[in-house]
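Okay, here we've got a single chain as structure tokens, the form predicted alone, with questions on binding and movement later.
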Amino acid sequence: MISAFFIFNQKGEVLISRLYRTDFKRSIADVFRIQVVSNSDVRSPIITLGSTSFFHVRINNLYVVAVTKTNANAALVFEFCYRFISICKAYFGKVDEEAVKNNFVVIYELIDEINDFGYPQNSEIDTLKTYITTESIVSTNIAAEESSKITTQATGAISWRRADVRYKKNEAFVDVIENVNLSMSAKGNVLRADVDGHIQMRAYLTGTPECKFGLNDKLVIDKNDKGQSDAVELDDCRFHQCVSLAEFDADRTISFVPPDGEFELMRYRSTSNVKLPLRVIPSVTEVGTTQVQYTVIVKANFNNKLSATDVVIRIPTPLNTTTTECKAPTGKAKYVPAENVIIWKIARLQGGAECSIRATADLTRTTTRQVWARPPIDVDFQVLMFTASGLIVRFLKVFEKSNYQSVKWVRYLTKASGNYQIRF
């Protein structure tokens, strides 16, 4: 599938190169350097020149590139590139030019292990860390036995977990984390509202337990079944490889043998029946050409037992603003000239509460009047124990042959960062 794999820096220098097949020479890297790295007009992540296709992903100051001559599955190639980046982050903490140069030996070991003759192989981080390590290893008499365990894990039915895991206290932590995206018109109409969510799990469980995970009773994924007003509708779901998809299709129960430690169990999107945690009502009036008056009201649309934290509201001002005056009974507000915004920070906003800010921006006189573009108000926040999609965990059960007792924790977090915008 993949004939060659490269990592370039931003100057176009090759840091890592591996040719998996004989249909390319290393000089193919010069083509990518000239056509992509040196060409600022390139926007597409896929470039096809003749019969050769370059798939590239940019991260920090690097290009991660896969090259092929076959009609490869583009989604699979990009999944391989992003999986490689995730593995590097797990090994080195960050992926940049310095990290690649300092760890190039380990990177060559990794790309040889996760790809064989151009076909992706086992890319499970926990498994890779058992036999590709950044620490020195002292050879012992049990090396052969340990090697046998690694082989069994890498080639067995459950390649993501070892069977000899032991814990004194068996615990499972589940975090349902949702990012809310909103675009609201000046008239208060919702132009776009959707949720990007994922379920993060940390499993510290002995042996090879089977976990069963139940979601809402009314959970709709098939588009043909949509239309129920009180149902949680998910547009698409993506699961970790440990999940049994047959059981999920049958009764919406997620059954799996979890990897040891932290992993992403599920990722999903929702565009229907989205509950907006905060309602922002702006009123902006331009007084002639010398002043703009603001009144912004924020309402918390969730239970009064919950609260939003780290609420940051960025209110744009015209480019020719000289001074501002802000009156915020709740929180703190200040004008940031470098960003042309009034930043209003509220440490905690109780559910059902309402707060407001009044501000005045004084403008300098200009010879030619320019129409103010009015960028949208941007809101960041976090709300614990609340989900905008309505997704909830009904139960989490752990089954293991020794029948030990386990402690389960479930936490919900809804947040917005940069994509919760209200026009005015």
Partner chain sequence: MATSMRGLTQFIADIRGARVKELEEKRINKEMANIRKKFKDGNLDGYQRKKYVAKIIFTYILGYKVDIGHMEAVNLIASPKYSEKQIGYLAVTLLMHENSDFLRLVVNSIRKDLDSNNEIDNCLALHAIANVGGSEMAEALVEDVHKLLISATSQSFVKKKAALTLLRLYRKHPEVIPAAEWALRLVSIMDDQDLGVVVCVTSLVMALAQDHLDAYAVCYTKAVDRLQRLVIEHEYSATYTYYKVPSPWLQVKLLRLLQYYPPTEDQTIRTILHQVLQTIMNNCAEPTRNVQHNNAQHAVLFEAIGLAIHLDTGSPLVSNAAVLLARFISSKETNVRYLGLDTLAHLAARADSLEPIKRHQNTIILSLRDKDISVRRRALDLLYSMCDIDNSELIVGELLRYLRVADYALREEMVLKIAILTEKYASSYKWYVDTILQLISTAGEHVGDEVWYRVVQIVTNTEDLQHYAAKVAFEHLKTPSTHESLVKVGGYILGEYGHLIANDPGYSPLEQFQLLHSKSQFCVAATRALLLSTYVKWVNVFPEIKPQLLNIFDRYRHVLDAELQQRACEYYTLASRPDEDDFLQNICEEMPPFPPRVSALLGSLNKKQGDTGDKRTWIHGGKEANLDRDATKRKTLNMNLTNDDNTSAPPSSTDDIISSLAGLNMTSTPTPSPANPLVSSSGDGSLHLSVAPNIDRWYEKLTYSGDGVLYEDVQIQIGLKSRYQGHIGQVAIYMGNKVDASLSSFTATVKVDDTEALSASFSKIPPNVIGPRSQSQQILQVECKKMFSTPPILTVSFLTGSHQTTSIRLPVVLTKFFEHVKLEAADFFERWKLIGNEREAQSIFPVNLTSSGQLDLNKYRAVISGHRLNVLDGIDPNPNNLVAAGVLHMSVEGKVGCLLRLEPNREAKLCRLTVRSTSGDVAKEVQKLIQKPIVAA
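Predicted, not measured: the structure shown is a model, and the values here were computed from it. Between two forms, the rigid core is defined as the largest C-alpha subset superposing within 1.5 Å. Numbering follows the first chain given and starts at 1.
What comes next is about the form predicted together with its partner chain, which does not appear here.
Although the partner is absent here, Thr321 lies within 4.5 Å of its partner chain in the predicted complex, judged by heavy atoms. Although the partner is absent here, Leu363 sits close enough that one of its heavy atoms falls within 4.5 Å of its partner chain in the predicted complex. Residue contact with its partner chain in the predicted complex: Gly188 places no heavy atom within 4.5 Å of it.
Using a 4.5 Å cutoff between non-hydrogen atoms, Gly352 does not count as a contact of its partner chain in the predicted complex. Not one of Thr253, Tyr404 and Val407 comes within 4.5 Å of its partner chain in the predicted complex, counting any heavy atom. Residue Asn340 is the only one of Ser86, Asn340, Thr295, Asn303 with a heavy atom lying within 4.5 Å of its partner chain in the predicted complex.
Figure note: of the listed segments 330-338, 207-215, 165-173, 254-262, the one touching its partner chain in the predicted complex, with heavy atoms no more than 4.5 Å away, is 330-338. With the core held fixed, the Cα of Arg358 is displaced between this form and the one not shown by less than 2 Å.
Core-aligned CA deviation for Leu384 between this form and the one not shown: less than 2 Å.
After superposition on the rigid core, the Cα of Val37 moves by 2 Å or more between this form and the one not shown.
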